[in-house]
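Let's start with one chain on its own, the form predicted alone, as structure tokens.
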């Protein structure tokens, strides 16, 4: 066999993607992926998009869509214009582009602990090392001469923990990045899924100077199958990201872009978001009741203020791999928490449970099985 890229040895399969094929079987109860509920998808009238979307398009994305997104970001107090917006083929592409821009083999980047497992997959592929951020932002000990080039964070309904940073934490982290010349990479795919009152101003909005990348997605409020996300970036970084996008896929699917444009201009948008939030909040609350019923005092968790996940902490003696395998044998899937830690020594017994996809009847059956396996482990 020909010699292949040395990077391939660092490329491991995503545990969630590996379970996706099994999760779509009707006999499987899946709490594993961040799958939105199918009844939450917006009903598109696609006919108007076809005639305009068949030719090649600009690498940056459709100008009108970029202007609409820039206007949305200004409402969030993030001051940027359409020339700083890049439309992505899903927000996962944004992680790939930023990694290509910053990471060489051995580059150390800062991440939360735990953090989004698919981001870790990309960072590892490019050879990154990791510095785990302390839980208290004020405990960060960077200096001008000793700091990572990039910090990747999910401040709003963090994946997997569901944590939402306070305004003070956001302002403090922005200042720390600016003072130490650290690029902020802020991932914000869940901000629209807010069930309780909490601070959602982007950290990037506090970056009056410095370098930053802010990433959003339409997967959780429209349809993940559209594969549409976007990046807004400070003016020093945007040209590099654009060239990397051109080299990756020329441009994002234009039909999907037109569908998103139609959604952003639709008079039905407000009602769609309102119904989505009401539906998911009810699912969250019902799921919390089922967890209390089935997991009881065998685990601890906090109901998330937004997003799609419960982060469940388990006793130190829990054999996560054994429970995962036995649950899978009984057609129940979840994501073991260890996958979300950059450094394995920081991991503790835990699991991430998605509450948005399964029906309440299925969720009750699945959580009953997990509860039985936890009792066996005691």
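Bear in mind that the values here come from a model prediction, so they are computed numbers and not experimental data. Residue numbers count along the first chain shown, from 1.
There is another form of this protein, the form predicted in complex with a small molecule, and it is not shown here; the text below is about that form.
**Q** Picking from 174 to 182, 270 to 278, 71 to 79, 146 to 154, which part of the chain touches the small molecule in the predicted bound form when contact means heavy atoms within 4.5 Å?
**A** It is 146 to 154 that comes within 4.5 Å of the partner.
**Q** Just one of 258, 190, 165, 123 has a heavy atom within 4.5 Å of the small molecule in the predicted bound form. Which one?
**A** After the contact test, the surviving option is 190.
**Q** Please tell me which of 206, 116, 287, 214 lies within 4.5 Å of the small molecule in the predicted bound form, judged by heavy atoms.
**A** The option sitting close enough to the partner is 116.
**Q** Taking the small molecule as it sits in the predicted bound form, is residue 220 near enough to touch it, meaning that at least one heavy atom pair lies within 4.5 angstroms?
**A** Because a heavy atom of residue 220 falls inside 4.5 Å of the small molecule in the predicted bound form, the answer is yes.
**Q** Taking 4.5 angstroms as the cut-off for heavy atoms, does residue 159 touch the small molecule in the predicted bound form?
**A** The answer is yes: residue 159 has a heavy atom within 4.5 Å of the small molecule.
**Q** Should residue 86 be classed as touching the small molecule in the predicted bound form when contacts are defined as heavy atoms within 4.5 Å?
**A** Judged by the heavy-atom cut-off of 4.5 Å, residue 86 is well away from the small molecule in the predicted bound form.
**Q** For residue 95, is any heavy atom within 4.5 Å of the small molecule in the predicted bound form, or not?
**A** Within the cut-off, so yes.
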